[in-house]
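This document opens with one chain alone, in structure tokens, the form predicted alone.
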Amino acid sequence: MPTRLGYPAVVGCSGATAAATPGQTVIVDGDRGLILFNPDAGEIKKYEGYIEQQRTYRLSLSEVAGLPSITRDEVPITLLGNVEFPEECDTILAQGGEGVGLYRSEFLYLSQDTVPTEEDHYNAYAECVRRLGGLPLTVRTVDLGSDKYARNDRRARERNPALGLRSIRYSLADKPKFRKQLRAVLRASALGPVKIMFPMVTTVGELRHAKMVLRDVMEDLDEEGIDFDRGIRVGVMIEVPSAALIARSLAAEVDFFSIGTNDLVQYTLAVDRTNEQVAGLYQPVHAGVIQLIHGVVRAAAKEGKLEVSCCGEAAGEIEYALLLMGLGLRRLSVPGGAIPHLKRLVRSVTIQQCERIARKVRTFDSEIQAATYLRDRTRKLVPEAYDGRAAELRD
């Protein structure tokens, strides 16, 4: 797989570093998940050809960056970026993104030894707003717990952290920190378009609790005479089956949804996505996951066409993006490097094609069938996105 920095990476290869020796020639194939030690001359030549094909394709993508993200039948698809640090906003814009759909604010905690102050939060959000120049910024409140702990967090590790005090639960359990972050987000909203998004909401009561804290902070800022956007849009991430199943009720409480496929797949399939022993079971095209996403989109449509986006890693894969558009999603938030690939896809298809593909995928009871079908259809629609190496894998 390509990393956020654009380098190929292969994970879950136990013993790989032990097998490597200094000065050894190694090929890291992130597309097929292979590491080749001591490749022969034929293998090296073959991979040099793949690299050249990819270079040519990537050059062609630069021509797409400045073009509208619109399908062949003139349906606009908004492509946003996921960021962890303000400077990444520049990459999003350079790649043709239309704003930030997911700012992972917890990295303020993960990147320094002290607890971020209100000014630390504010400066980071204000810098994003400045760099985006009027394009929207969606700040997800801290998603700590589970596999992400602040450096200064001295709490005892939980026995099952994925089901423990994490995300919005973490924030509601420490209201002073939560209020500090909300104050900073609201202050930044006076500088440009900002949205607030609560992660891993599981119940309507949880959402209302978070909104109550937000209203209290707004009242405090009003009393202090501090400016902020009083109409700031508030949304939730749909990351667990319970939220997907009560989407209609949640929709009545918020302005937008963002489907987080990373955790939605994990919690739906009971698969730890960081555990290499069960990694093969982590399947975004599982029929259960697709059914939940389809239900969320339908629920949002019934509540006055509530805005729905997808910000999980799968949305950055062109095969899965094709499915998401067919399911009714018109907003995708992905790593910056994926934006040109998706824009090429968007400009190559019609929504009717996407909808036909999605209907077909929903008839499969096997995720292997679904994944194979999606790859085959995408190859026919955007053949230039696949080099000889990818064709070998998919054939």
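When you see a residue number, it is the position in the sequence shown, counting from 1. These figures come from a predicted structure and were not determined experimentally.
One more form of this protein, predicted together with phosphoenolpyruvate, exists but is not displayed; see below.
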**Report entry** Proximity to phosphoenolpyruvate in the predicted complex (heavy atom, within 4.5 Å), stretch among 214 to 222, 306 to 314, 87 to 95, 116 to 124
**Finding:** 306 to 314
Report summary line: Students should find that, of L182, A321, M237, V100, the residue having a non-hydrogen atom no more than 4.5 angstroms from phosphoenolpyruvate in the predicted complex is M237
Requested in this report: Identify which of R233, H209, R273, R248 has a heavy atom within 4.5 Å of phosphoenolpyruvate in the predicted complex; exactly one of them does.
Outcome: R273
Requested in this report: Determine whether any heavy atom of Q283 comes within 4.5 Å of a heavy atom of phosphoenolpyruvate in the predicted complex, and answer yes or no.
Outcome: no
Query - phosphoenolpyruvate contact at S171 in the predicted complex, heavy atom, 4.5 Å - result: no
Report task. Classify T261 as contacting or not contacting phosphoenolpyruvate in the predicted complex by the rule of any non-hydrogen atom within 4.5 angstroms, answering yes or no. Result -> yes
Requested in this report: Consider R140 of the chain shown here, and say whether it contacts phosphoenolpyruvate in the predicted complex, taking contact as heavy atoms within 4.5 Å.
Outcome: yes
